[in-house]
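Just one chain is shown here, as structure tokens, and it is the form predicted alone.
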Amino acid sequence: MKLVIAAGPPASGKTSILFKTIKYLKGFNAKIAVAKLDCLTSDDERVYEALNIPVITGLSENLCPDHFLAINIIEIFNWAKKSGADYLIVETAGLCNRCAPFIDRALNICLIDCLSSIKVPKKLGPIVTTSDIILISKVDMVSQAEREVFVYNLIQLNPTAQILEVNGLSGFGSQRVGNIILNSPSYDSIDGDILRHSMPSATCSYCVGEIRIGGMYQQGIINKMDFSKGSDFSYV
């Protein structure tokens, strides 16, 4: 079975472009299963169910969605195989700029929209630097100069990734994405595979429910600012 992991910031257009891509793949009689991972709530399964394919939703709730994926990906993979799928597409939230959900043998896709800012690629971290394909959406809503700077910044961060422009409304770019998926490798199992980037190691008192502010309540692995390097502050 082929495994695709698609991640990116909220409202970047992941579901729209994946929907169009899956419609294209179904034209090749591809048997596809989708797992949608989100934090608190999701109704995107209705979108995928309209394609008459197996869909499962997982909510990470109090856990980082990337940690949630790493914990559950083996079971998701096995569920898709039992569903008779030849392709498993995992759409996951990309909310933590320190994490990345990507695993080594998957086809890892990052989708971001260029309306956010030309500085955004540097702020997204591993989700950009460890992806195989970077999809840029909403390119028709910015100038050519902004688009070129945006792409340049992505290339500086990940020179090996394939960068494609897509449009979830019109479906532009979905066929190219589909062809890449069609030619990606298949695996019988991903048990024992590795993440492409380590997760943060911090476990502090706030991780386990503490809500009080103050040094006496801060335990575990914490990161304090260093104010010894300078004391000149400007106030507006």
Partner chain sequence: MFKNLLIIGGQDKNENRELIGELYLEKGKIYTIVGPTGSGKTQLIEDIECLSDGFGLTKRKILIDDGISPQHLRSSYQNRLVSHLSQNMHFILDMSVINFLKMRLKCTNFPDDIKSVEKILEYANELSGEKILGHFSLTTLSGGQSRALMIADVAINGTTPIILIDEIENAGIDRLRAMKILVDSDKIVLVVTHDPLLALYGHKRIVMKNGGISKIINRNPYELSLLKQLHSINKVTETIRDDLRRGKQLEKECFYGL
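Residue numbers count along the first chain shown, from 1. In this text the structure is predicted, and so the values were computed from the model without any measurement.
Below: the form predicted in complex with the partner chain, not depicted.
Chemist: With the partner chain left out of view, which of Val151, Cys99, Ile76, Val128 would have a heavy atom within 4.5 Å of it in the predicted bound form?
Modeler: Selected option: Val151.
Chemist: Given that the partner chain is not shown alongside this chain, does Ser189 nevertheless sit within 4.5 Å of it in the predicted bound form, heavy atom to heavy atom?
Modeler: Flag for Ser189 set to no.
Chemist: Would you please decide whether Gly171 lies within 4.5 angstroms of the partner chain in the predicted bound form, comparing each non-hydrogen atom pair?
Modeler: Output for Gly171 is yes: heavy atoms within 4.5 Å of the partner chain.
Chemist: Is there a heavy atom of Tyr24 lying 4.5 Å or less from a heavy atom of the partner chain in the predicted bound form?
Modeler: Contact with the partner chain, yes.
Chemist: Does at least one non-hydrogen atom of Arg176 fall within 4.5 angstroms of the partner chain in the predicted bound form?
Modeler: Result yes; Arg176 sits at the interface with the partner chain in the predicted bound form.
Chemist: Among 151-159, 101-109, 67-75, 84-92, which stretch has residues with heavy atoms no more than 4.5 Å from the partner chain in the predicted bound form?
Modeler: Contact criterion met by 151-159 only.
Chemist: Listed by sequence position, which residues of 136-156 have a non-hydrogen atom within 4.5 angstroms of the partner chain in the predicted bound form?
Modeler: Residues within 4.5 Å: Val139, Asp140, Met141, Val142, Ser143, Gln144, Ala145, Glu146, Arg147, Glu148, Val149, Val151, Tyr152, Ile155.
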